[in-house]
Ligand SMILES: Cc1cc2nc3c(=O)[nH]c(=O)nc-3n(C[C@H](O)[C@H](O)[C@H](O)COP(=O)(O)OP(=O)(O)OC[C@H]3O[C@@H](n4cnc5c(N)ncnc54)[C@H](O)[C@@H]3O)c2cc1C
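Starting off, we have a lone chain in the form predicted alone, written out as structure tokens.
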């Protein structure tokens, strides 16, 4: 964290640079606007929205405040609209390589596209890079993209199809609820009797017309130019069944990696960035919020609501860090005219 003698002012220097344009980062940009902070957002992906837009834009989101349910892509649009009223600078397609203090309290954020300078930095990178857990069964690899999918980017393509979903977590259950009235026939295959999803969603699923195959696993898939059959077996009795299918959605989790963030000089708690109750990292002026963090003394909840709350807390503390004369606790936002 050494100095370099760089002195910046005006357009080159931002009050807050947010690393990550997922929902936590976008809400942080909005809140920074409320606090009159000049803000920049940097993200390695070509589109803002993080996992919501990359993995499941057509999936309904049930845990965002203010919405009974909302499509992920619509939530991202709303978050962008909310943030853009304050005109943050958005730098997409840039991967952060390093974060370092330079002279005068300025922080330099180096990316593969150049250097950015800021008085404070908020890291909101979610789970980092992610890749789906693959299902190692005969025929699966040969049908990837031809009937076997690890995420749904085009829900209309499944209209009227025979679909099999494998998995028992939130993603599998939420997609089953999303697609049950969209496809011609839907089967959920899960290897255990216990689901690792929101209880109310599981109850809704079991009260629907979705066919539940429990405790079953995938044995193999078959077909010609495209997927035609999914062979499943009962892992307690060995009983085998053949399902007609146009699409197999494998939703058994993701491998995640914070990647370059591990080289930024941050302290980690396990696989997550360690922060205190003020969302401060071990590096002065560098804050973190959302799924990427482990907050001292707090229970870990990977929810949108948690990320939004942590973003607001981090921005308010960052505002005071940048300008010590500013209050950490702001005037209530309902008293502002936007």
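Remember, it's a predicted structure, so these values are computed and weren't measured experimentally. Numbering follows the first chain given and starts at 1.
The same protein also exists as the form predicted together with the ligand; that form is not shown, yet it is the one meant from here on.
Only one of 86, 254, 195, 143 lies close to the ligand in the predicted complex, with a heavy atom inside 4.5 Å, and it is 254. Contact with the ligand in the predicted complex, judged by any heavy atom within 4.5 Å, is made by just one of 275, 42, 37, 311: 42. In the predicted complex, residue 187 stays away from the ligand, with no heavy atom inside 4.5 Å.
Using a 4.5 angstroms limit between non-hydrogen atoms, residue 21 touches the ligand in the predicted complex. Of the heavy atoms in residue 217, none are within 4.5 Å of the ligand in the predicted complex. The closest non-hydrogen atom of residue 106 lies beyond 4.5 Å of the ligand in the predicted complex. Partner contacts here mean any heavy atom within 4.5 Å of the ligand in the predicted complex, and among 132-140, 113-121, 256-264, 242-250 they occur only in 256-264.
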